[in-house]
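Coming up is one lone chain in structure tokens, specifically the form predicted on its own.
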């Protein structure tokens, strides 16, 4: 089903059982797989590929228990040129994916997230709301990017890395602040970043480390809690 208000460019390929809601704008040479739903107002630029069973432009939801209710008045989802969206992926309203981004199968990207050019969001990665991801970033399979986190350009995040933003664990009264990972830092498999920590430029976090305090630029840390590796 394609709403009559949707605008489709030239040479758009659409699979079976696709739903395109009102005021959707789709550029030229876009490929849309089977069973894809594109919610109202979503913008998809030229030469982008959407694989099967994706949900694009989802509105955030809540219940009465949530102390921090999601923003409901959001800009449409914007997907830039030459982006690839893997199957079974969910992208929310109010987020921006710049050109050349790859989002692998079964990933989830919440509202008010910015993903810079040519970055990779790996399979089954979860990116929460209010996150900034720079250019040429790689986030590998199964990692969890907490809300209010900043990941600068050319950062590498290995598989199953976890981050957090609430030092007081659901206190509901304290501000949330995720980690800040500076340019070209490297984070190994299964590492954990605690709230508010800053990982400096070109720093390296060893696999399985638990980062409880700031890591300086060029520093190499390992262990739980993470400590500087002896030279």
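Fair warning: this is a prediction, and the values are worked out from it, not measured in the lab. Numbering follows the first chain given and starts at 1.
Keep in mind that the form predicted together with a further copy of the same chain is missing from the display, and what follows is about it.
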Single option in 198, 40, 55, 43 placed near a further copy of the same chain in the model of the complex, where near means a heavy atom within 4.5 Å: 55
Contact residue in the model of the complex, chosen from 150, 126, 114, 74 - any heavy atom within 4.5 Å of a further copy of the same chain: 126
Residue 13, heavy atom within 4.5 angstroms of a further copy of the same chain in the model of the complex: no
Distance check, residue 36 to a further copy of the same chain in the model of the complex, heavy atom within 4.5 Å: yes
Distance check, residue 9 to a further copy of the same chain in the model of the complex, heavy atom within 4.5 Å: no
Partner proximity in the model of the complex: residue 180 to a further copy of the same chain, non-hydrogen atom cutoff 4.5 Å: no
Those residues of 118-147 which, in the model of the complex, come within 4.5 Å of a further copy of the same chain by heavy atom: 118, 119, 120, 123, 124, 126, 128, 136, 137, 138, 141, 144
